[in-house]
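Taking the form predicted on its own, here's one chain by itself in C-alpha cells.
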C-alpha cells in the first residue's frame, strides 16, 4: 500500500503542511508506505503541449517532459492514495497545484474520444486551507474548489475534501501590516479549531488507505 503526499504550498511547516503531515500519519497508521513531497522544491511547469503523450502506439498515462514532475507523476499513477493540499491565494489554489493538475490530467486524456486512459484506482484526499471564514467560502469559493477536487475522479477512486477555514496566517500579527485581520480572533479560532482539523486530516488519511485495502489493491 502506497500513499503519495503532495504539499502545493510554498510554506513547508504552516497550515497546509501540518494538515498533510497529519493525513500522512493517518495513512501510516493504516499500514501505508508514504512519500511526502513539497512541490515548491521541484523544478517544473504546467503542460508544455509537446503532445508526446498522444503519439500513436506510445505509452499512455506517461508525461515525457524532462523535469522533476514527470517521475513524480509515475509514482502517483502507481500509488493507492494521493493526498494533496493547497492554500487559497486570491481566491484560488496555488500555481504549483494547477501545474500539477494540468500535467496529471493531460497525459490521461484521450484525444480520440475524450475518455480516460487511466485504468487504475487511486483514492484522493484534497486539503484546502484559507484565511476566509466558512460563510465566505460557501458564498464565493465552494463551487470552484469543489470542481477542482472533483477533477481527481479521473483517478477512478474515492475523493474526499477537507477545508480548513479562517486560518492563522502568521504567529505575530503585530510585526506585519495586516490590520484588516483581527489577530485575537485569528489566534482564538486557531487554538480551538485547528486541532480538530488536524484530527480530521489524520482520519482522512487513514480512511482512504483502508478503503484502498478493502478493494484488494
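Keep in mind it's a predicted model, so treat the numbers as computed, not measured. Numbering follows the first chain given and starts at 1.
In what follows, reference is made to the form predicted together with a small molecule, a form of this protein that is not presented.
Which one of these stretches, 95-103, 76-84, 108-116, 124-132, sits within 4.5 Å of the small molecule in the model of the complex when only heavy atoms are counted?
Heavy atoms within 4.5 Å of the small molecule in the model of the complex occur in 124-132.
Is residue 72 part of the interface with the small molecule in the model of the complex - any heavy atom within 4.5 Å?
Taking the distances in the model of the complex, the answer for residue 72 is no, it never comes within 4.5 Å of the small molecule.
Should residue 169 be counted as a contact of the small molecule in the model of the complex, where contact means heavy atoms within 4.5 Å?
Because a heavy atom of residue 169 falls inside 4.5 Å of the small molecule in the model of the complex, the answer is yes.
Is there a heavy atom of residue 11 no more than 4.5 Å from a heavy atom of the small molecule in the model of the complex?
Taking the distances in the model of the complex, the answer for residue 11 is yes, it comes within 4.5 Å of the small molecule.
So in the model of the complex, is the small molecule close enough to residue 15 to count as touching (4.5 Å, heavy atoms)?
It does: once the small molecule is placed as it appears in the model of the complex, residue 15 has a heavy atom within 4.5 Å of it.
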